[in-house]
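Heads up, the chain below is alone and in the form predicted alone; it's given as structure tokens.
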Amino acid sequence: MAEIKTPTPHIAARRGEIAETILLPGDPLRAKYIADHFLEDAVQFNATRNMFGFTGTYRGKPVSVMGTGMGCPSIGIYSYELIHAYGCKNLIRVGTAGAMQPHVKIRDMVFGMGACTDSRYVRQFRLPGDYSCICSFGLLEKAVAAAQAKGLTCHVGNILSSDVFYNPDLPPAGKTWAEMGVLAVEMEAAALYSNAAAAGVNALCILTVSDSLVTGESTTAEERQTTFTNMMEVALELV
């Protein structure tokens, strides 16, 4: 594969300005929040398309954070460039999700061990069957240990990366995702996991439950930007 020139079409950084470990919130304002509140000596490396990115240190170790936007195509572009142009080795999505199970409550954390999807993103790899999008066990193991050490409520299992936010009111054709044990729904992990697997690097999706498809409870946009700090702290323990 030919080396991608930097800056890329979507990231303004030069090679060497982004750390090997990067946190990837969907919301660029959450990226700024993490840089402002958790990183030391943070320097902004990207504002292209207002997708803010920063590099600093956490407990003396270099770490970056950048927004990815919403959906598999968006995180697919950013994660591909981060891996192949900037040498990122550990990509940790920190985002929000809707609970699909009654025991998964608002503000609980969910670690996406696997990511089911209704997206066609993975089809680009032209595999002779259905690929199982899974996280990197090393990152998952450390994240679970960090959450347990902090006494935080977390769930580990399958999540759904959906292309659809507003679903049409149609009856299910077969088994529902919830009936198959899927814990929560988000929109990006499957693309991140498959890009990482294809490149031989590590990826993990850490989610905070922002709303529940079971109870109808929800949080505000401001809360999602600035108060879901438990997952940020757990993610930074992986640096």
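No experiment lies behind these values; they were computed from the predicted model shown. One rule holds for the numbers: they count along the sequence shown, beginning at 1.
Below, we refer to the form predicted in complex with a small molecule, which is not included among the displayed structures.
Note on the interface: of 77-85, 145-153, 123-131, 92-100, the segment with non-hydrogen atoms within 4.5 angstroms of the small molecule in the predicted complex is 92-100.
At a distance threshold of 4.5 angstroms between non-hydrogen atoms, residue 185 is in contact with the small molecule in the predicted complex. For the chain shown alone, residue 165 is a contact residue for the small molecule in the predicted complex, at least one non-hydrogen atom being within 4.5 angstroms.
For the chain shown alone, residue 210 is a contact residue for the small molecule in the predicted complex, at least one non-hydrogen atom being within 4.5 angstroms.
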